[in-house]
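As structure tokens, one chain now follows by itself in the form predicted on its own.
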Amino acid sequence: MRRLLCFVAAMVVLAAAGAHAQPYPSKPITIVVPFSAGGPTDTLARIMADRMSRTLGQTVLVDNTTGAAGTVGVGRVARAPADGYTIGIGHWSTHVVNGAVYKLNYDLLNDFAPVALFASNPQLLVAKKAVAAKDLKELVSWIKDNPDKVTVGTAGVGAASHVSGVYFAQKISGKVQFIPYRGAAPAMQDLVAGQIDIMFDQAANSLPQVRADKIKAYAVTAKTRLAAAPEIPTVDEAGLPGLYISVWHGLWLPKGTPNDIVAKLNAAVVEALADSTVREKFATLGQEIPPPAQQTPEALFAYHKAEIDLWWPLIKAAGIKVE
């Protein structure tokens, strides 16, 4: 009996060792998108997942875990096993702004292992077709003439669209009514339907609607025009200088993920970003790909920290917070 028990114990140990020794990845990987399907972050996640699957030899799935301006999905990644099978995608709002406006149960810098910075783009100021203003100056005048009546759609309290809207209202000394949604996609649906008036949104989400002539674009929140939409003026050109906000995207793993797994996933990202098809899709969406030197885990961590150091004082001074 003792020999039998020893044999069974040995088999269990060997089986566990064999499972641990399996090369990574040995099963499908999930990218957790903290926003609704169809939005800009979801779109980028699906482009990356498709290309990374080819490099990794395993299916990379996309799972939308929404709520509280992305904090629910990011929290899920923070609590996931550090085995490389749960990746979080996030951006300036989820990984910078949320730390200034929410009381989080995770540390944005220290509870995650950075993988790579892979895209960035400024916001577009867009409006429903029925808005009569021909340019940004006329839009600002209309907002000022209708205090608390103009509705601004957001992807949630503290989302990039919300911070941009608050910053905009402060810059023009105007009063608007913010309408929060569970992501950019449903907010855009209501903008197209004419249920809300204006919105600050990522080009990835807005440009297809602008090109389809379903909404109007007034300005891009950057110093230079978008290569994908050179007809849209910058905020400087449109008469509101200095309203600069860029929404960048990155990938993170739970803290403690082995370095070799981080390196393998980073290599898959780098290979994806070098792919001409991926680059073409990103360009169409108004996304800028960082240079190779900025695609490392170390570069993402440094950039992430610098953004927190820059924006947290500004956001807190502006009084942007969850009510």
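Just so we're clear, the structure is a prediction, and the values are computed from it rather than from any experiment. Residues carry their position along the shown sequence, with the first being 1.
There is another form of the same protein, the form predicted in complex with aspartic acid; it is not shown, and what comes next is about it.
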| said: Please determine whether each residue of 152, 191 and 216 possesses a non-hydrogen atom within 4.5 angstroms of aspartic acid in the predicted bound form. | reply: no
| in the predicted bound form, segment of 183-191, 142-150, 124-132, 100-108 with a heavy atom within 4.5 Å of aspartic acid | 183-191
| query | So in the predicted bound form, does any heavy atom of residue 96 sit within 4.5 Å of aspartic acid? | reply | no
| query | So in the predicted bound form, does residue 251 come within 4.5 Å of aspartic acid, heavy atom to heavy atom? | reply | no
| request: Although aspartic acid is absent from this view, report whether residue 160 comes within 4.5 Å of it in the predicted bound form, heavy atoms only. | output: yes
